[in-house]
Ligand SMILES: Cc1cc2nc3c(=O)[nH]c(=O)nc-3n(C[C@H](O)[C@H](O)[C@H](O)COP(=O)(O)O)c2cc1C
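In the form predicted alone, a lone chain appears below as structure tokens.
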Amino acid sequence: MELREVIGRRRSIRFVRPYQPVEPWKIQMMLEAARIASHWGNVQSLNAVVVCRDSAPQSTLDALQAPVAGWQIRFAPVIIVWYIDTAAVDVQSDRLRELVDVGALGFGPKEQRREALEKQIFPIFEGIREGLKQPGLGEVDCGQGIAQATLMAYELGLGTCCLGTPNGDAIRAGLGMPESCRVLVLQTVGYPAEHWEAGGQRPRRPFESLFHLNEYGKAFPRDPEVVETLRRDKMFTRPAPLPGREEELAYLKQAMGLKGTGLL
């Protein structure tokens, strides 16, 4: 399957098969994809705790909470707790040296690059180090890693869904993580119990209201031929809602013994 089609077919899969475990090698491939994602300064502050329902202690499972659609955590064979370790910024200098040495940062003779790094770049970063640990750029880069892991999961036939939580501090403490860590998102992983279309491609805000050209308020022009190309390449699929979706939801609710509306 080509990349554009993978992007188009990916969905947040909320219904997974609780009885079918996920092979550890597939989880590893997700983590490998996250590891090689872009990150400023090659800091790599994205980390994860993989919680397997079959082997995790009950205290660990009890620590995982999400207020919206949190019921998914009870069914998923695997929950990946993605977090940012802000302490990674403390060893950023070593990572930048690596980039210079392998020719990925700067240009000109290597010795001159090293000297400029030590005398010019490091003093700059020293002054903003604590600021770099605050929410912002690090989270953006972590998101790229999580996105790559998500696409890898899809390529392996897995369904995933990211759940936000205001209980990050409690989860961090429950999993024994250092205080330098911030929980980003809980990602449920399992084999889909629902159709891959999951009701269709989600509604999105208009392209022109999201993207601007040269200045805010001037919409980036959307070329219909590009849209048609992406449709032919299957990046754009049938929009939600699809026929039969309500019946599918009713079936899944009954089959999985779910109560209520599924929103909490």
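This is a predicted model, so every value here is computed, not measured. Numbering starts at 1 and follows the sequence shown.
What comes next is about the form predicted together with the ligand, which is not displayed.
Contact between A69 and the ligand in the predicted complex is found at the 4.5 Å heavy atom cutoff. Put simply, A116 is far from the ligand in the predicted complex: not one heavy atom of it is within 4.5 Å. Shown alone here, G106 lies farther than 4.5 Å from the ligand in the predicted complex, counting heavy atoms only. Using a 4.5 angstroms limit between non-hydrogen atoms, I84 is distant from the ligand in the predicted complex. In plain terms, the part of the chain that comes close to the ligand in the predicted complex, with a heavy atom within 4.5 Å, is 7-15 out of 7-15, 20-28, 237-245, 250-258. Screening I73, A88, C161, C181 for any heavy atom within 4.5 Å of the ligand in the predicted complex leaves a single hit, C161. Checked against the ligand in the predicted complex, the residues V185, I79, I171, L96 give one hit for a heavy atom within 4.5 Å, which is V185.
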